[in-house]
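Okay, here we've got a single chain as structure tokens, the form predicted alone, with questions on binding and movement later.
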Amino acid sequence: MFDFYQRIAKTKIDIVYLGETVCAKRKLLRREDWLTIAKMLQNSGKEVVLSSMTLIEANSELSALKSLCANGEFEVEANDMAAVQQLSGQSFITGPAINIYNPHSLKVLARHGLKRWVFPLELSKQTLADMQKEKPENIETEVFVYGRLPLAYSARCFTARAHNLPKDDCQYRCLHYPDGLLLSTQEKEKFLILNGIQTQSVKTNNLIAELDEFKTLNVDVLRISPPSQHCEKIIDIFHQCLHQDYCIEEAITELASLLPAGGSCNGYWHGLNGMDLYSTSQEVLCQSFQQ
């Protein structure tokens, strides 16, 4: 973990979200370790955000949440409404697990200190366009542009269940699957990824071909959810497309070679089934995304 973030510190990424968001049992680092990494990244010029758990299931997790929200040094990404309540009155960010479906919700959260929100994964670009028109001033918009989509959370651990283990004695089986445990249909079609209590899409959401639309929609931040391999290269490809003359066709081809099993998708963004891959034409033209 320390080596990974040392490498991330050398990339062109601007913002780094830190912390375990899925399961409190598999925390690999102590709170002090996360703060050490946070300060290292901050010293490297990164904006650092500490992420809260998505599902609070025990008093110990609630206590840890309160401590996180009161850290006094780094901003916090709220991934459930308990965190929003704890952070009310100070600047905070809402993660993809917070369902914000209309401008009214944005305005309510803005009154409580919302700085930035992550657009819900399952909504379309048309919905974002409508919401951006009524978004409160000084609220930043972030879009999940690359990574397997976090679709659902459950109090049960599906990875443990797949190994006939109870959740309380899971033996940390999820750590054996750096990119999650594949779930296929009876027809042998790759369908979902089991990541402990989290269910992910088997396909990787990839919106690199939509970078010009993000500029038109005044999106402030693009989020990359790192796979277990090639994270630095993926960051570099997005950075080149945003800041240099880089052929989008070449970028798409290069990213395709780095994808984990399952392929890519972008259906939700286009108002289609999430697992669909939509293209405006048969051939992808070279485009330059100069900022």
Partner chain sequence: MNNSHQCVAKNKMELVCPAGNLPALKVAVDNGADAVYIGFKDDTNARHFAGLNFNEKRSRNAIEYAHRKGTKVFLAINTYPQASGWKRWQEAVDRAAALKIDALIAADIGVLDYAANTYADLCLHLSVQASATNSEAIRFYYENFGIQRVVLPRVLSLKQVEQVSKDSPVPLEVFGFGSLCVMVEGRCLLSSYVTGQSPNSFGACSPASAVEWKDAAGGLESRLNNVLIDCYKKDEAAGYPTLCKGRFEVSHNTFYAMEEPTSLNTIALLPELQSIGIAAIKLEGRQRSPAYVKQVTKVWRAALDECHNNADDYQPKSEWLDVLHSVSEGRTTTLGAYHRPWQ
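Just so we're clear, the structure is a prediction, and the values are computed from it rather than from any experiment. Residue numbers count along the first chain shown, from 1.
The protein also exists as the form predicted together with its partner chain; that form is not presented, and the subsequent description refers to it.
The closest heavy atom approach of residue 176 to its partner chain in the predicted bound form falls outside 4.5 Å. Residue contact with its partner chain in the predicted bound form: residue 275 places a heavy atom within 4.5 Å of it. Residue contact with its partner chain in the predicted bound form: residue 26 places no heavy atom within 4.5 Å of it. Its partner chain is not shown here, but in the predicted bound form it comes within 4.5 Å of a heavy atom of residue 80. For the candidate set 138, 185, 91, 171, a heavy atom within 4.5 Å of its partner chain in the predicted bound form is found for exactly one residue, namely 185.
Between the options 219, 118, 109, 211, the residue in contact with its partner chain in the predicted bound form by a heavy atom within 4.5 angstroms is 109. The stretch among 139 to 147, 211 to 219, 177 to 185, 68 to 76 whose residues place heavy atoms within 4.5 Å of its partner chain in the predicted bound form is 177 to 185. Of all the residues from 100 to 119, those having a non-hydrogen atom no more than 4.5 Å from its partner chain in the predicted bound form are 101, 102, 103, 104, 105, 108, 109, 111, 112.
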